[in-house]
Ligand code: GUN
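Heads up, the chain below is alone and in the form predicted on its own; it's given as structure tokens.
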């Protein structure tokens, strides 16, 4: 398959550039990358098209896609009154499978080809979600949620049983062994997890070299609740004591952190997943991205659906730029935002063969055809970022095969 257009390519540290060129996709990989006009008849794209790596989302909740827009509640009330109720529906594995198929359809139609996501406490439902990802050949890491306290009875699971179920998933879904799908160890957050559960989850993740995903410091009442339940000098210390922090740990939000906590995150290499649309929607606060970066903390960006209300990672990236305005810091560039949702998020996840249009990389590619004269704009990447229209996405290619086609 030959894809032609303006290639979104790496350009030094945390930046991208545009260059007219073409790709040859073969065997699920990018076989060739060439700059200049395409000498062949292209199968997709054209001289006015943008050819981008597939977008990567580092924080979303698969069972929450149907509760987008539950407005007017803060985080803890939103969980109790809306979210947990929606997640209990995944006790029906058939429902979980059908919903997972719908979720993946939506992600592909918005250009997301890889993601880190939460399932629910339900083992069979989460397994069906992983099966759906494997069927689509998406690069995905999904976790069965671990909760053993401070939640409705319907959302609690017995600690040893849920850890054993997570281990069974870790054994059955191994990236590189039987596809592009693997499992994250997923303690929901410190309020709903006992110290014993978090420590055992950390040991399990270490044994399987698995990703860990959880939430950290999303809103001030959450910090107070964690201190009352676990003590200690700060929230990050709770995770540090449990052994949950490391290079493969992704922590959603990270808004309210002390200098000492930032130093711990930097030293351990844990990733802070910036979720700007969810932070504004739930009125949790605004991450000061510049402060985390200056402290040496690794950053990624996520949609955080369903607290987040944007399926499009371009819109999430735009919200990240806007958050720098609200934080009173120098705004990040559009090029940096494009980098974040492609190569940057790939690097945060430790994925070395996605997120960039390079020879030998997995062929996750987007064909985007804007209906505006974007190439003549003062800042083409800025025009695309701030003028984004999801209808511009013509094809989403996953592992070299067309997974979404707007013409169909």
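Computed from a prediction, not measured in an experiment: that's the story for all the values here. Residue numbers count along the first chain shown, from 1.
Just so it is clear, the following notes concern the form predicted in complex with this ligand, a form of the same protein that is not shown.
Interface residue among 189, 338, 90, 281 relative to this ligand in the model of the complex, by the heavy atom within 4.5 Å criterion: 189.
In terms of contact with this ligand in the model of the complex, the residue from 104, 79, 202, 264 that brings a heavy atom within 4.5 Å is 79. The partner is not drawn, yet in the model of the complex one stretch among 164-172, 242-250, 213-221, 94-102 has residues with heavy atoms inside 4.5 Å of this ligand: 213-221.
Remark: all three candidate residues (61, 75 and 304) come within 4.5 Å of this ligand in the model of the complex, counting heavy atoms only.
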